[in-house]
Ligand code: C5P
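In structure tokens, one chain follows: the form predicted alone.
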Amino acid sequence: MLTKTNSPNVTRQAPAKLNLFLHINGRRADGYHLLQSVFVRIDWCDTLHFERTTDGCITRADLSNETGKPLPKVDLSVRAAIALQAKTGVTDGAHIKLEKRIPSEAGMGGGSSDAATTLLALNELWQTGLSLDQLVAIGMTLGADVPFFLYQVDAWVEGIGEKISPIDLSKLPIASRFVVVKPPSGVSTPSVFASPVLARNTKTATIEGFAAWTESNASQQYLEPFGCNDLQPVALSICPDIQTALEWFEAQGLIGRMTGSGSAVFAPIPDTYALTTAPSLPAGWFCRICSRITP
């Protein structure tokens, strides 16, 4: 059973994620894709404030929106709250105040993180007493990335996103800092997965193979990432700005890689890297140095 609180208000951070690699290994008969990836959380976060109400209504107010795009009235945080109500029969409501910072259509999981954060926060606030496994079952109905954010650990992810194995990256020579670039244009995840040219037969990898490769290439961790992102070639054809981002990294001697279905691109960086000496990006682009969130 998860932690309970008697406070009528809670505030939570909802972090973004990066896919260190993303392989598509097949496709199920129902159309869902089978994948393998390592997900890590980074300190590019939305902030959500939750207030318990007694009217049973779920409402949301946007305190800020740094994404440059309008937010949907019924976003994943609202949908998550409604789903939790339906599962538990709770008669309380909630007012959600959102500080939105994670860009949309970026492959950074911002909406899924907001949904997971809402489930965790309202499970406490409403004192519904659901277990983590029960919350994960709800999360799977909202999006494939939601379970990862519910577990709040770095993870090896398989299946359609529901098979999550915690992975201790502190024991591997994985960079702790990344520079993340997001062009104003985005990529629709369904359009990428629907592409007839998407590679869906990448050889199955293992956690042991990932660890061994990472350790043997420790001196090259800022240049040669493990595996690939199978979604990147398709996303490039949809969003040419991704190529501009990749070239921006290349000009600095870094190898950029798209996260998720894009359009954000990232690269691990050494402690000496500074944005003040990096080439200029076009106006309207997001660019941040982020740190991995460690357990």
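Remember, predicted model here, so these are calculated numbers, not experimental data. The numbering used is simple: start at 1 and walk along the sequence shown.
Omitted here: the form predicted in complex with cytidine-5'-monophosphate. The next part is about that form.
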One stretch from 265-273, 33-41, 64-72, 239-247 that, in the predicted complex, holds residues within 4.5 Å of cytidine-5'-monophosphate by heavy atom = 33-41
Is there a non-hydrogen atom of residue 207 within 4.5 angstroms of a non-hydrogen atom of cytidine-5'-monophosphate in the predicted complex?
-> no
Within a 4.5 Å heavy atom cut-off, is residue 104 in contact with cytidine-5'-monophosphate in the predicted complex?
-> no
Is the gap between residue 196 and cytidine-5'-monophosphate in the predicted complex 4.5 Å or less for some heavy atom pair?
-> no
Do residue 144 and cytidine-5'-monophosphate share at least one heavy atom pair within 4.5 Å in the predicted complex?
-> yes
Which listed residue (202, 189, 128, 214) meets the criterion of a heavy atom within 4.5 Å of cytidine-5'-monophosphate in the predicted complex?
-> 189
Would you mind picking the one in 137, 160, 82, 172 that has a heavy atom within 4.5 Å of cytidine-5'-monophosphate in the predicted complex?
-> 160
